[in-house]
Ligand SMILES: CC(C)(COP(=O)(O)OP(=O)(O)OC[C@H]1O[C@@H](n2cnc3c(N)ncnc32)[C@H](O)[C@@H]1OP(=O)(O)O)[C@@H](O)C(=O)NCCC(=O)NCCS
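Here you get one chain, nothing else, as structure tokens; it is the form predicted alone.
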């Protein structure tokens, strides 16, 4: 008996627009209230686009309705398009478009106190703990100049992990399945070191380790990146880039750190170049691993 083919479902994404109102390095956030969704947490001024309305017109309308600002469409600059997909139409997939506005007339005023507990300005580099996760993710993408991202409703997260958690991926991706004890680095227990993990729907699919070790012949303190490994099924999806960018944000709090460097595998040269690293050595061989070059990135002060 022949199986009946499953009919594809055409998704109809719900478009929403978000206002990233910037005053220097501060961004305006709105604390949700009485909505039944993420109440008590911070978001951006936002709303759904109405039928027959352009994205910028929809944002200008939301700005007027929610905070009483008259925004010129010429001042509304596209910053990021985010697509949040689902395996079915319940919940519906979302198309979120974020716009930056740096110039406006007047001061924001809470026009919807029944839905907004408060408006508050926060440093975009030091966002509150109770901000909606995908909003925080979007703002980080904007900080780094990324204009597009997509993920499922179980949004991936990056967080600090233990050395032990890095070992399975180090073994599988970097050491051809060698025992975990052969995948440890001498620096793993060093003071100031930290290890990052990228989780997709609670599955650890990417790791990287960072050590307070400066590059040779540079007097200022630096960070060495080692052990970056991404699950083979997830490579090419920007996970390595996300780990490096997350680490840079974490390192920013230490003003004395001036650079990040690594011994880059030959297959990863182009990746590190795309992240702003430059070559500082000729090619050399690491036993049982292969050809490498030293690469370094100077951090903005």
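The structure presented is a predicted model; accordingly, all values stated were derived computationally and were not measured. Numbering follows the first chain given and starts at 1.
Although it is not shown, the form predicted in complex with the ligand is what the next lines describe.
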{"item": "Candidate spot 31, 45 and 135, all three touching the ligand in the predicted complex (heavy atom, 4.5 Å)", "value": "no"}
{"item": "Candidate stretches 229-237, 65-73, 47-55, 248-256, one within 4.5 Å of the ligand in the predicted complex by heavy atom", "value": "229-237"}
{"item": "Exercise: residue 272 in contact with the ligand in the predicted complex, heavy atom 4.5 Å", "value": "yes"}
{"item": "4.5 Å heavy atom contact, residue 27 and the ligand in the predicted complex", "value": "no"}
{"item": "In the predicted complex, residue 174 touching the ligand (heavy atom, 4.5 Å)", "value": "yes"}
{"item": "Proximity of residue 260 to the ligand in the predicted complex, heavy atoms at 4.5 Å", "value": "no"}
{"item": "Partner contacts for 249-267, taking the ligand in the predicted complex and a 4.5 Å heavy atom cut-off", "value": "263, 264, 265, 267"}
